[in-house]
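Take a look at this single chain in structure tokens; it is the form predicted alone.
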Amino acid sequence: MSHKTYLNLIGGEHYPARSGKTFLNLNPADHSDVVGEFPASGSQDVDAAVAAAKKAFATWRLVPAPKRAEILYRTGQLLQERKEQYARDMTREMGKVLAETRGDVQEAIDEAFYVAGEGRRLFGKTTPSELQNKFAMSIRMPLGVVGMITPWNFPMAIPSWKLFPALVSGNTCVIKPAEDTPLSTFNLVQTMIDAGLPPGVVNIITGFGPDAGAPLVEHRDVRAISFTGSSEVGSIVAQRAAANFKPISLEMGGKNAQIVLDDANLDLALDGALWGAFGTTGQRCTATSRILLQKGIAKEFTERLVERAKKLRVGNGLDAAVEVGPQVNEQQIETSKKYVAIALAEGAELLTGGVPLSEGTHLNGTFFAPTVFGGVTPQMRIACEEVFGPVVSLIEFDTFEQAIQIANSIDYGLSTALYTKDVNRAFAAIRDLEAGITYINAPTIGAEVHLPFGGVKQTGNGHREGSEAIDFYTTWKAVYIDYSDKLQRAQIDNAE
């Protein structure tokens, strides 16, 4: 079966990798379906892309921000028209079901319309000067060329979170999408070009982390890096960027807890747990990987959760009847298998799942059964380390305070959820949970673009996607205008 070949986008033109090497993008639900062939780029390709972005910055930064924003608004309109096709492309390349990939494209649409409004809101401040006949203000300035490294689990939404605020701020970009999902980034950027984005403002380099990602991080003409991925890789990226005093935004892992109190609406909490744990096949940084159950409801909740998990339909995400798609590649299957073995060795009880699915309709893909472990204690590795697969651990507790302590006992701090009808405990949880996101009576997954997205501890380094992203993609300049027509000296003792 023939497949399409894609090329790097550099300065508005398409080029193969200088090495001539390529890699195949395979459908994880059916490895006989080749989504496309992409360049396996190296440092020379990165150099060319950065040079193109640097050249484009000279003119793009001078385009008025409201005009830059109009291109993003038109991008949102075009994405609406192309939503179904882009969603189907995304399901083919990363596996999640169509309802979810449509949501991924919708997130990019929402981001386009939201950030388009920011083109008229890149506010600074005016302030009185300490001296007479002197005006003082602060203004936002673009950084220059920004490098972006994006993951495979939200292959259009996350690039949009990075590209759109960077562009409206006046930066130019070089993006390296995950090697498992490059097509969605091509679709997104092509839409921007069709909306009027000038050549070289966004450049795409495809390839693998050590070959293409590392040179992008270390390039001296790249002024900042935005990275979403694992905490292990994020640590390496941060260290390499720090060597050149380069600002870096990190959005990394999670080990997110859903707490269910005795007074919770159990039907609602069960719906949230199923969606949080097995939506996107557990391959979200916000996925519910720990469910903390107060002992009064633990037995009933566990039985009902296991019963429903067993009935989840696993298969090709293009099939409307399927509820859980494949894991993205064989490496993710191996990770899920590894953590199942670790959990069993630690004494956890496998209640359902725990195995790859490789027969019948699952024969040509990378599928893993929805997996639930009971009898988990907070110290077990299965309760502390990120799996990034359809594997959830059930942990029982006595008191609300104990639940908060368990939820906070990990190295990550991205998302948390509490199910309760007690408003006092809801507000205490909002105050006490160590996380960048807290949901009350809703699952741990699901972000809205006009709120900050990110976490604490090993989840991130303090920056945020979403509403606060402009802060990362701009730098402040203080401006003083002296109209006294004489030398006035600030920071000198002028007292008379």
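We number the residues from 1 along the sequence you see. Just so we're clear, the structure is a prediction, and the values are computed from it rather than from any experiment.
Absent from the display: the form predicted in complex with ligand NAD. The rest refers to it.
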Item to check | ligand NAD contact in the model of the complex: Gly147, any heavy atom under 4.5 Å | outcome: no
Item to check | ligand NAD contact in the model of the complex: Pro247, any heavy atom under 4.5 Å | outcome: no
Item to check | Exercise: Ala178 in contact with ligand NAD in the model of the complex, heavy atom 4.5 Å | outcome: yes
Checklist entry - Taking 4.5 angstroms as the cut-off for heavy atoms, does Gly209 touch ligand NAD in the model of the complex? => result yes
Item to check | Listed residue that, although ligand NAD is not shown, lies within 4.5 Å of it in the model of the complex (heavy atoms), from Gly200, Gly317, Gly253, Gly272 | outcome: Gly253
Next on the checklist: I need to confirm a contact call. Of Val372, Val237, Met90, Ile382, which residue comes within 4.5 Å of ligand NAD in the model of the complex, counting heavy atoms only?
Outcome noted: Val237
Checklist entry - Okay, which stretch from 300-308, 68-76, 353-361, 147-155 lines ligand NAD in the model of the complex, with non-hydrogen atoms inside 4.5 Å? => result 147-155
Checklist entry - What residues of 371-393, in sequence order, lie within 4.5 Å of ligand NAD in the model of the complex by heavy atom? => result Glu386, Phe388
